[in-house]
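Below you'll find only one chain, the form predicted on its own, shown as structure tokens.
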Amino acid sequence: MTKRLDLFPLSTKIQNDRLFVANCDLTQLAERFGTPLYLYDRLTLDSAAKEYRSALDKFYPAASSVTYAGKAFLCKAIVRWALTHDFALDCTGAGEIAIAAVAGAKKENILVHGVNKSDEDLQSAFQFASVVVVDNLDELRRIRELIAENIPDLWLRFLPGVSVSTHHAYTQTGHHESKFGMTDDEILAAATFCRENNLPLKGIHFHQGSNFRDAKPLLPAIDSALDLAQKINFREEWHFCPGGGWGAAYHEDEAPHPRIEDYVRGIAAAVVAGCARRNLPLPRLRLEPGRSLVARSGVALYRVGAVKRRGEKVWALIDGGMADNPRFALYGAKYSCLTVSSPNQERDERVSFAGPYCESGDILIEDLPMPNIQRGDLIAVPVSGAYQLSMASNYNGARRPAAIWLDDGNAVEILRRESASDLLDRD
């Protein structure tokens, strides 16, 4: 029970035999806002943000900053929260740029990614962003053709050829076969192109994968990237970003959550030592966490609509699934949960939780020890803050859930629940 409860937001407690987050009764939240429902705990978000800032201040002797990876989950409330911590926003494409800009992010707060940016994406980046991370040589040539003045700073995305250890190939991005970034030779060709065309080349970026726990594979990639920085001959202020991807524990078998300090310490030491060996000035170190900032802050609430007991197999059918959380269907992500009422009950059967959609892969949790589940029960799924709502769909006409901001007894809707009218507005 303790290990499972430790997956939940920091403010979680059991009171009157029911789950509470941020002093809010989850049963009452489900009755007020309906289910499926996503909850975000401000205390947990703030704690993770402070851990990153504290670790950077402790271990890296030069300028450093955090860029929140919007792909994990982005809405206006999250943008405003990120700005309170002086974070920049990593946006992919014109849609995410628009959310950040409308929510109050200034040009200096917005950094733009994308493996195949459209002309609209680039024009939006030129208008609203201070940094564009260039993925390929074709993109670099288009930037020269499209922009007339006020071009943002350019960073080059490097493909280091080294992966981190994740639970599925789809969450690895740094290996040689990846679609992302440029090889050593392409990076040097891009740097020459920037120099010949007076383009403001200011940094190097790479990303090796998502939801990893061991930072050691970052070290050879950092060395390779610093070799390129030496060849490019960065001398004035320059920026170095080894991406993000630091993990979170989703299941009690994976607990505890990996320590942010361990991740930052390893990166900082490698950059400092690597620059000293190459006589490179220390760069402004930029980290791009998404999941490790927001995953633990999120809880998804579902209601059980039916239970099927077939010998040893127990199916609890809930009112959400792959339309609001496709991670199991995409790459077999593993989750845990607790019942909202009587969460301390004895777990005497193994239950699989599946959604209402017309796919056999519409499964959320498989064979989890649980108490006797009945129709109408509420279940709370922890570590639901990242890569769930941001990847949600309208499959089978699903209407995406509401999201609620929880802050010490206050519950504020930050995303309203979609309606059938929303679907018809586009038809």
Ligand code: LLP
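The structure displayed is predicted, hence computed values, not measured ones. The numbering used is simple: start at 1 and walk along the sequence shown.
Only in words, not in the display: the form predicted in complex with this ligand, which the text now covers.
S.K.: Decide if the three candidate residues 157, 246 and 289 all line this ligand in the predicted complex, where lining means a heavy atom within 4.5 Å.
M.R.: Yes: each residue has a heavy atom within 4.5 Å of the partner.
S.K.: So which of 402, 391, 30, 365 reaches within 4.5 angstroms of this ligand in the predicted complex, heavy atom to heavy atom?
M.R.: By the 4.5 Å criterion, the partner-contacting residue is 391.
S.K.: Within 4.5 Å of this ligand in the predicted complex, counting heavy atoms only, one of 337-345, 121-129, 200-208, 98-106 shows up; tell me which.
M.R.: Within 4.5 Å of the partner lies stretch 200-208.
S.K.: Considering non-hydrogen atoms and a 4.5 Å limit, does this ligand approach residue 284 in the predicted complex?
M.R.: No.
S.K.: Given that the partner is absent here, does residue 265 sit within 4.5 Å of this ligand in the predicted complex, heavy atoms only?
M.R.: The answer is no: residue 265 has no heavy atom within 4.5 Å of this ligand.
S.K.: My question is simply whether residue 71 lines the interface with this ligand in the predicted complex - judged by any non-hydrogen atom within 4.5 Å.
M.R.: Yes, residue 71 lies within 4.5 Å of this ligand in the predicted complex.
S.K.: Classify residue 303 as contacting or not contacting this ligand in the predicted complex by the rule of any non-hydrogen atom within 4.5 angstroms, answering yes or no.
M.R.: Result no; residue 303 lies far from this ligand in the predicted complex.
S.K.: Do any residues of 298-336 have a non-hydrogen atom within 4.5 angstroms of this ligand in the predicted complex? If so, which ones, in sequence order?
M.R.: The stretch touches the partner through 327, 331.
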